[in-house]
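For this one, two forms of the same chain are given in structure tokens, first as structure 1 and then as structure 2.
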Structure 1
Amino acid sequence: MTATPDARPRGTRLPRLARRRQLLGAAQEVFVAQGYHAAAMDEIAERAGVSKPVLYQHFPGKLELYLALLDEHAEALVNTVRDALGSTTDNKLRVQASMQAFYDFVAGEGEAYRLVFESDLRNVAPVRARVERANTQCAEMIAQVIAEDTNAPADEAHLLGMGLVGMAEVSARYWLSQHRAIPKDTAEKIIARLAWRGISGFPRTG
């Protein structure tokens, strides 16, 4: 096989966890560049600088490899939103931090957001379940804050949380698709202002 331009040299023995990290990094590069269907295990192995048998020792198939990456980055998104919500008790700043969390995720190195938000496997059950779980977890965390501060019924708070998640995700992806024509911090503040004007209209308890 002809080596890809970014293929890593073979022959270096790595601890199992380090090797797994290397394989996931190579797989992410290929999946992001080509999508799931066009990506080949041969190319991922070549990119990582390992033989196919080594790749299959860690991941029994292409879908398992993809799901491992999706799990990692979906968890990273959820943790980023959790940290944003916990960073302050000021709700206006919470909204700003939550919007920033999505923009940070979309703007992150390696375009991992494509695996979560733009996967060409969204109709495959285990992929769809993981993406929906990540969105739901983010929405539920936001909904909990809304419910605690407004006494809104759980269903309404969850709808509001999902709406804010959708606003953050779609606007961040659009911002990136426009080649960052608006500075990132400005874009975050614009969307946070819109979100806050809506959510602050709900009466607070206490």
Structure 2
Amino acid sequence: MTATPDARPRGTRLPRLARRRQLLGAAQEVFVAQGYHAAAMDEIAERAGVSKPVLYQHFPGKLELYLALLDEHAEALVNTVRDALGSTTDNKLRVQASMQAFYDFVAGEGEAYRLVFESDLRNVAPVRARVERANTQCAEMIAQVIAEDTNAPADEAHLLGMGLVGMAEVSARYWLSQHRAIPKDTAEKIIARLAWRGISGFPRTG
């Protein structure tokens, strides 16, 4: 039971924008560690070495603070996947790069992936919308490639895309939960192979 990684030196004054960034950082730590519900605004403020009203001078409420972080990381995921798909036109390499994108995202600093993949609060509409949108966008980008290179109808391509997204997401979270027992690039390759064998030359055969 080591003492909590103590709050920053209380009493330093910061310009508005720097303070905002710092608050977002503190909020991320707390939201990731505790989830939305168990996270107290008091604790976020304390971790930033500041009192609660300061938080409310930067964000209208707890939900908006959370949404700011969620938006940030949901967008990061989508961008990573987009970049992966755009990095080559060789579909086999595309699959490899896409899987790596998910593993990179999950391995990212501060376990921020939890905000997107393990949010409590999906029952609240704006949160649900954002989480689903991130997933859908990823699946859709993949479906796009599938639809272009096979004769699969759009519905089917979407379903396949979502299947691949699920494979990547869940396996990556599992890999991390095992504290990287398998080297990252090995895990990526195993899953990429599973995905590529599954998807390649999809139109013909059964």
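Here, rigid core means the biggest group of C-alpha atoms that superpose within 1.5 Å across both forms. Quick note, the numbers are simply positions in structure 1, starting from 1. The structure displayed is predicted, hence computed values, not measured ones.
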Two forms of the same chain here; which is the form predicted alone?
1
With the two forms matched on the core, what distance in Å separates the two CA positions of Leu17 between structures 1 and 2?
3.3
